[in-house]
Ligand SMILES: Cc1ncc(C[n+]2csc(CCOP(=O)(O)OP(=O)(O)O)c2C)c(N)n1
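Next up: just one chain, as structure tokens, the form predicted alone.
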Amino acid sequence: MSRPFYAMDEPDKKGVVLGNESLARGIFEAGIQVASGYPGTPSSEIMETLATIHKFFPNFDIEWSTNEAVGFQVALGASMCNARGFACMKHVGLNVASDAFMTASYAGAHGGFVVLSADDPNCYSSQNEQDNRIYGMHALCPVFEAINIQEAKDVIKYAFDFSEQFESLVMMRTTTRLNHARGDLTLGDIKKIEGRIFNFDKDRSRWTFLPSNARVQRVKQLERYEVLKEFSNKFPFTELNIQDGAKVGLISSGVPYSYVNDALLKLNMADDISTLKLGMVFPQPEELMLKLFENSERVVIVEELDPFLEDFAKKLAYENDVRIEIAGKKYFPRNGELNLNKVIAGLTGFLGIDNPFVDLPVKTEHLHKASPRPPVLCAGCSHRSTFYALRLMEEKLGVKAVYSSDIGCYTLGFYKPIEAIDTCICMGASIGMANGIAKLHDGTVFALIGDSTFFHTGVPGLINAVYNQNNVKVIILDNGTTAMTGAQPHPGTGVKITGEPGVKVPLESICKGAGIDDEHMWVVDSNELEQTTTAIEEAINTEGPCVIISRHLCTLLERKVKRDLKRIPVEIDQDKCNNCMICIKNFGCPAITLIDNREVRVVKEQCTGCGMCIEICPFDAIHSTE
């Protein structure tokens, strides 16, 4: 394996990296000892990059944890042992870890402890776009942000030193635009943690949160918070730039600040507006903000999502009797991510000047408009086969089931032509919600959940169904990977993040341990239609909670694992095809298409040769090319 740039021990060497690779490099340079997390876009590549670095520098421990709560707790345990711990997750993952996060913030850190929250403005790959800066305020945990690729590495590296200096947890908040951007990076020195003993800090009063201890730790947390508030004015990645004669001030942080820089240059106003760029967005630097207020008649705050900085700035001005205009969300949207055009529009609106770029014509003759491409399950995806089997059973038995789904590739079953998803809230909720629906709904209730998600938070819902005898039919869509976030391993694969063998945890054993006996459990090959439909029919006709493990390896991995598996596409016999359109309107494989609205064809370059369409064609018009 060739050594990637981010895994080189060559300080001052320059290269181009992904934002997540830069963050991973900063974590490595900080002298990390334990890194843990759960995959979730846009954060997944951070842990994968650390795993690659681990191949060349195996002097730290790294794992994909079962879920974000466990990942947080693993890193916290490392910090308790005076080691540097890192926990990685996307923004909604912090919801899962929040129970531990809120209480651990009382005790703070022993060894440096950084938790990364990758927020997703505009919901590119998430069910919401929550602003996790508010979690920092809620837990009195300092929150750091970076404006570009280089600063991302430098800030998160510094965060570990900061954590140990102030004995505080640190949240590093990123957004999709930083995680998935590419940019220049200069490597730094790799910190070597030497002469440190990694043994558990047996401070029982600090780590054991009985009420008597928690009350004491709360006071210490508040004292630490006051120190952090003062230090925020000296934070090395915060910059106050007062322009002589400027009447307007601007506060921003993270990626929006990069847009601000570009907007001021385009508007030729870089020397006309004073700026406060925040590297620590919580606690906010009150002294620097007040200094900006003193030198401004009006202040605008440019931030994504919630008016987090804006609300604080207005409160600070009110408490100090500062009478200036402070605005933000009046000119910038509270949903979605910002971009240069939105920032220019917001700034010109706040300044009351014309936007010189709003009516500029855009040259499009050199652009080729891409055809609309709705999100679909991959060609050959076994989930599609399971959905089709469910549809057949509905027609055969004359039932209209409720499908409580979860988060993963299979959630794409919401779209046409499958349309077999009725709910999707958060990881692991499919079985939990199905428990409630089954108590009231007069009909069959299915809970659809992926294998990785079942390990993540699905097990408690199944135990609940067994314990309370709720009539829920659970289908575990087992494709042997965490597919939606990039095919990461999980406990059911028996492979660790480093590629080394782990212990494989069978889904069947977990289900039996939860109380599902052999009469209430079926294990089928998703691509065996008769086998799958039979299992579904039997489950519908079996009273009480049931589990069907619908298993077939992800089609994108199948040929990597089975290297001798030859791809043999199918084709359509036009003499037998009568354009019934079942393969398109009901099954919906993207490898099957309609030419000129009259002839059904197979796109052989896309066809995986799974053969499912051969089974579903009522006229035997589809056959293998061999």
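Keep in mind the model is a prediction, meaning the values are calculated, not measured. Heads up: residue numbers just count along the shown sequence, starting at 1.
Just so you know, the form predicted together with this ligand exists too; it's not on screen, but the next bit is about it.
Query raised in the report: Out of the stretches listed (91-99, 140-148, 262-270, 211-219), which one is close to this ligand in the predicted complex, meaning heavy atoms within 4.5 Å?
Result: Within 4.5 Å of the partner lies stretch 91-99.
Query raised in the report: Wondering, does Ser452 line up within 4.5 Å of this ligand in the predicted complex on heavy atoms?
Result: Answer yes; at least one heavy atom of Ser452 falls within 4.5 Å of this ligand in the predicted complex.
**Report entry** Exercise: Tyr410 in contact with this ligand in the predicted complex, heavy atom 4.5 Å
**Finding:** Close contact exists here: in the predicted complex, Tyr410 approaches this ligand to within 4.5 Å, heavy atoms only.
**Report entry** Touches this ligand in the predicted complex: Ile326 (any heavy atom, 4.5 Å)
**Finding:** The answer is no: Ile326 has no heavy atom within 4.5 Å of this ligand.
Query - this ligand contact at Ala107 in the predicted complex, heavy atom, 4.5 Å - result: Although this ligand is absent here, Ala107 would stay clear of it in the predicted complex, with no heavy atoms inside 4.5 Å.
Query - Contact assignment for this ligand in the predicted complex, among Thr176, Ser526, Ser117, Asn479, heavy atom within 4.5 Å - result: By the 4.5 Å heavy-atom cutoff, the listed residue in contact is Asn479.
Report task. Work out which of Arg84, Arg384, His456, Lys153 lies within 4.5 Å of this ligand in the predicted complex, going by heavy atoms. Result -> So the residue touching this ligand in the predicted complex, by this definition, is His456.
**Report entry** Partner contacts in the predicted complex for 26-40 (non-hydrogen atom within 4.5 angstroms of this ligand)
**Finding:** Contacts from 26-40: Tyr38, Pro39, Gly40.
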